[in-house]
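Form predicted alone, single chain, as C-alpha cells, below.
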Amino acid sequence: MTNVFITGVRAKTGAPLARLLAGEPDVYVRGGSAQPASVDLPGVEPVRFSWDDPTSWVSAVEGVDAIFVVRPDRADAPHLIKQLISETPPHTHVVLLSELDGGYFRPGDWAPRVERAVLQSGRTWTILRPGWFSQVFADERFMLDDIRSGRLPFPSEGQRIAWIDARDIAAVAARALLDPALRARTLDITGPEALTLAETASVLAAALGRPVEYIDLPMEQALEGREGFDRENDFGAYDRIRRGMVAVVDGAVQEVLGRPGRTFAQFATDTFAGSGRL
C-alpha cells in the first residue's frame, strides 16, 4: 500500500489528482485542507492541513510514502516547504507543483528557491512546471466573472499561451507520485497548442454560444490594486507571457501518459457547453 498526501486537495490540480489516485489499486490517499469537513472526495481521507499552522503538519504526513506539494504563492513558501518536508519520513517521494520558467528566473528568485527547498531536502523528488491553467476561466477568483460579462481582459501584447488543462497536470502528477522512473525529473507541462488571447476568446465564445471580446490590458491596469509580493509575482507571470515564454508546446503529457493533452476547445466544451453555469 502506497500512502500519498496531497497538501491542497481542493485545488485545481489537487482535486482531480485525488480522484485519480483513489481509483488506483493499493493507494491510500489523504487530502489536506484547512477545512477538512468540506472535502467530499470518495476514497480520500480528509485531514486538517494549513500552511499557517505547522502543528497540523506532523499528523498529516505521518507514515506517508509520497507527498504532492501544491506550492503556496506566498513570500515564505521556500521556508514553509522546507520545514514541511523535514517532517516527512526519510523515504518520502516529493512531487512539487512549481511553474513554467522558460529561463526567466535568476537563481536567487522566489520560484527557484522554492524548488531548491525540495531538491536539497534529502528526499527523492519530481518537479512539475506547468504553464497557465485552462481552469482560470472557470474560477471566480480569476477570470470567470470577466467571461460572464463577455470580456477577456488580459495583458498579452499579442503573444500566445499553450493552455494546459489541470486534469492533465493531475494525471502526470499521479504517475510522478507512483512511478520511480519519473524521479529526479523536471517536467515542463503545457498544452498541445498555443493560442493568442483573441483565439482563446473565440474558443470560449463558441462553447458559450455568445460573444467574448478580448481586450489587451496594459500591464499597470492588470496589476492595479496588487502590492508587495503579490504584485511582483503577478508581474512575473504576465511578463513571461509578453516575452513569449509560455507559448512553448511541450511533449511531457504525451511522454508520460501516452496521449496528447486536452486542447483548450475540449476544456471549454467540457466546462461551459450546455452547462448553464454562466
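Numbers for residues come from their place in the sequence shown, where the first is 1. This one's a predicted model, so the numbers in the text were calculated from it and none came from an experiment.
Separately, the form predicted together with a small molecule exists; it is not shown, and the next lines address it.
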Partner-free chain; cross-checking the small molecule in the predicted complex, the single residue of Glu157, Asp73, Asp146, Asp179 with a heavy atom within 4.5 Å is Asp73
So which of Ala174, Leu97, Leu187, Ala162 gets a non-hydrogen atom within 4.5 Å of the small molecule in the predicted complex?
Leu97
Whether Ser33, Trp132 and Val136 jointly form a contact site for the small molecule in the predicted complex is the question; each needs a heavy atom within 4.5 Å.
yes
Even though the small molecule is not shown here, does Phe49 get within 4.5 Å of it in the predicted complex, heavy atoms only?
yes
Is Arg19 a contact residue for the small molecule in the predicted complex, using a 4.5 Å heavy atom cut-off?
no
Look up in the predicted complex whether Arg262 has a non-hydrogen atom within 4.5 angstroms of the small molecule, and give yes or no.
no
Please determine whether His91 contacts the small molecule in the predicted complex, using a 4.5 Å cut-off between heavy atoms.
no
Look at the stretches 7-15, 252-260, 265-273, 21-29 and give the one with heavy atoms within 4.5 Å of the small molecule in the predicted complex.
7-15
